[in-house]
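We begin with a single chain expressed as structure tokens, specifically the form predicted on its own.
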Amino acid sequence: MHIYHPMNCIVPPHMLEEIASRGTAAQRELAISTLKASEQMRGQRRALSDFAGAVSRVAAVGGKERIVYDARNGSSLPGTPVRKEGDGPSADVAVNEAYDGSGATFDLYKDIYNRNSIDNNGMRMDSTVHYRKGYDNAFWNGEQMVYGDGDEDLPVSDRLFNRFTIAIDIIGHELTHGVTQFEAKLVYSYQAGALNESMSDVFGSLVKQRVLNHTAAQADWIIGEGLFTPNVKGVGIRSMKEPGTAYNDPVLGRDPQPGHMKDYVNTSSDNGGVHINSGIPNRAFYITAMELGGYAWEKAGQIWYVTLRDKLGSTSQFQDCADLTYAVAAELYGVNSLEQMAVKKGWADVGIAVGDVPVPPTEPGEGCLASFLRLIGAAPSK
């Protein structure tokens, strides 16, 4: 048995590599240190994944339960517990942000999608703050969330990143990597890996939108808004609305995300461009949500969640995700419904066609998928 335990970082390696080549001496040192620390942790995760039957130390408890730990600038995980479920606020803002952000993520999945925590079995939500010193990243390591403090020890003029608990969508993004780990198990490379990243952006953004009570039209659709200091020419690390426009900075470089298949980036770096090409399915979701209007976590989010939970496989490609979300929209809301047409437009606007095969009318009591299987001879006629 292979245990699916990747390490998923919010800041893509291409951004840190740009800093390592363009930044000041202090900025370069932190970027290189972060890249090395992240790669070391990935090696540990790969080693762990080779052990069949590995048991997580995070127990299933059956309800919302959070523990926030303090690594005290060390690298030993999880660290010292500093706030447990039901405890009052801490004097440490990072502790409170980690606690509240994981709670908001739990609530989105529970209240809207009837999911009981990350594994749907009441998994305790553990978070560690103050990981290492000058660590410019946050990650899900297969068991828990880990947050660095950014550039707090650098001179003000050199700071690029604030603390990584500052953006609630980053917290939702990383915890959604855990949901994917327990559901679709999308491999972390090329299009499947870009879908893995995109699903995290989708639900991370929905966590933020729900906390702010923003409709699709009111939302900023920025991932990591607030993470950059004023020294950076950018609004966040990604834009779901307009991929490729989130930042254009002398040190960080330019946002490389495409928003259409014609601009798909063929690369072997970043696990085949998982943080780059995720802009394409991100924009498909944004357009779908805008077409439907209202709160994006309701219909658009429901379609994407059911697809992630029940339909996608470990090697699914963009076309698979498009076809499956289109089919799920029909199952949930009806063939040729407004919802299904919104999904079709979302994918069409990024260069991926769905729905070219005629969908047959359903027989009484028969779902869309069953009728389609009947059409192609994969299921008996009634």
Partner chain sequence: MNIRKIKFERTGGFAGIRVATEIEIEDLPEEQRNEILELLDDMDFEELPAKLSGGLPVSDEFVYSIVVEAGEEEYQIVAGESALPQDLQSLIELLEKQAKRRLRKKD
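Just so it is clear, the structure is predicted and the values come from calculations on it, not from any experiment. Numbering follows the first chain given and starts at 1.
Below, we refer to the form predicted in complex with its partner chain, which is not included among the displayed structures.
Only one of V95, L160, A71, L292 lies close to its partner chain in the model of the complex, with a heavy atom inside 4.5 Å, and it is L160. Note on the partner interface in the model of the complex: the residue among L308, A246, V207, I170 having a heavy atom within 4.5 angstroms of its partner chain is I170. Contact annotation: its partner chain lies within 4.5 Å of heavy atoms from the stretch 232-240 in the model of the complex, the single such stretch among 112-120, 232-240, 292-300, 79-87. Mapping the unseen interface onto this chain, V211 falls outside it, with no heavy atom inside 4.5 Å of its partner chain in the model of the complex. When its partner chain is considered in the model of the complex, L154 lines it closely, a heavy atom lying within 4.5 Å. In the model of the complex, at least one heavy atom of R132 sits within 4.5 Å of its partner chain. Taking the partner from elsewhere, F164 is found to have a heavy atom lying within 4.5 Å of its partner chain in the model of the complex. Interface residues of 214-229, taken as those with a heavy atom within 4.5 Å of its partner chain in the model of the complex (partner not displayed): I223, L227, F228, in sequence order.
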